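Only one chain is shown below, in structure tokens, and it's the form predicted alone.
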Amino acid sequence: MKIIVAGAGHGGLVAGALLSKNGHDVTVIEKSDDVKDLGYEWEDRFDFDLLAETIGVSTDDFPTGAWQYRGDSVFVSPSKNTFVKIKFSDENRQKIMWRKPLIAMLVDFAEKSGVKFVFGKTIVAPLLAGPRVVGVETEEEKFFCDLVVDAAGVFSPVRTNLPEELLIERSPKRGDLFYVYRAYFDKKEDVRPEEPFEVYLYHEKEQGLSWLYTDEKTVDILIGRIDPIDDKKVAFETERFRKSHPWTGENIVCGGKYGYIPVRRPLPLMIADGYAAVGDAAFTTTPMNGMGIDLAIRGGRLLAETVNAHGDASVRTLWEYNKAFLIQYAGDAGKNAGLKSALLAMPPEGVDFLFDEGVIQSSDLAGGGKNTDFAALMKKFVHGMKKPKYFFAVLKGLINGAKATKLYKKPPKAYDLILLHRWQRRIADLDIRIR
């Protein structure tokens, strides 16, 4: 089969490499001019063993200096009066790696697997023959194929231009992603906080979050909001951080760029005839923290395994990939979407109350809203009933997240648009509207 990967995203590169290894003709079409332009200039957390297994190397082979262990964390309430600390043991301490070396490793794996790359081509739309996707159109030419693997991100020009009747969500809603700015500043002095990774929810009483991470050489600052931000906003917020963290320097060592982080449940439907989305194009992230590299890699692997096993890109084959991803990964990944939306939907004083009374705990923030068993809910009930409207709002988020997980794990057995519409509607009804 002839396969086009739209965009050089993590999941697309993995899928493309594994499909090419199985004899398919795979081409990645990427808008960046060169491989050096790929990837954000910042670090992210993911499962190093998963990446090593996928590309067939040892973690000992990872580039020296490209990764580090992450420090302990503290979540800060909007009033800055309550702190929820998350500490890691040596056995479970997380690793973070720079994005550019990570992308370079995946591109190298894809090239060695036989994948071809076309750089400097901007995809503007899918090519369609009725309901089937038969290729992509760039600003200069058309590329036809049997399967389009969409790895072009949250605003993918392929997904956002698909016909509405295919039932694939085309555009993010307010609260589905954070507009972020991230920069690494120099340090004025050698300060090593006990919890170097500070996360501020509803930072400065605005919907979103910010963080400040002090490592050995730099201060990593992220400003994230559910509405677009600009240079004036960034300058104001970074100066506030300098006043509260005086060791933060003025010089940008790395980054200083804007980006998008999906913070919603994965797409319930991410395929059509001749089309399959992976990674950010399918919103496969964990809503509470926006982490998505692991899910992108797993999605790329699962897509390739499914297509290689069946030998075609029909909607029936691709639905098998979609179902398997929902059942194995997406349901649990999206479990904390309700909690995230509930927090963003209430005023900052409501979030303060939940922190101050211990209704929101480290296991909720680190574990993704998994505390929905009876004992955990009763403990929250005792503290939360001091202000019932906030308690029941967050309880609704936790319960809706658990209900959505069950629906994700029981998708329709066959690709039937009528059944899919009803099933997706039931999931959408669990969404919490963010004011």
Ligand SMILES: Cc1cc2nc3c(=O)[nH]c(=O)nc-3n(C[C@H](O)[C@H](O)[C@H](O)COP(=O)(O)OP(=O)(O)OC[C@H]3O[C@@H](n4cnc5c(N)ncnc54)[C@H](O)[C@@H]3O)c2cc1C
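The first residue of the shown sequence is 1; numbering continues from there. Note that the coordinates shown come from a computational prediction; the quantities given were computed from them, not determined experimentally.
Another form exists, predicted in complex with this ligand; not displayed. Remarks below refer to it.
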{"item": "Triplet 7, 42 and 261 all within 4.5 Å of this ligand in the predicted complex via a heavy atom", "value": "yes"}
{"item": "Distance check, residue 121 to this ligand in the predicted complex, heavy atom within 4.5 Å", "value": "yes"}
{"item": "4.5 Å heavy atom contact, residue 291 and this ligand in the predicted complex", "value": "yes"}
{"item": "Proximity of residue 99 to this ligand in the predicted complex, heavy atoms at 4.5 Å", "value": "yes"}
{"item": "Residue contact check: residue 285 to this ligand in the predicted complex, 4.5 Å heavy atom", "value": "yes"}
{"item": "Candidate from 387, 403, 396, 31 lying within 4.5 Å of this ligand in the predicted complex - any heavy atom", "value": "31"}
{"item": "Contact residue in the predicted complex, chosen from 303, 152, 337, 148 - any heavy atom within 4.5 Å of this ligand", "value": "152"}
{"item": "Which of 140-148, 187-195, 229-237, 276-284 lines the interface with this ligand in the predicted complex (heavy atom within 4.5 Å)", "value": "276-284"}
{"item": "This ligand in the predicted complex - contacting residues of 165-182, heavy atom within 4.5 Å", "value": "180, 182"}
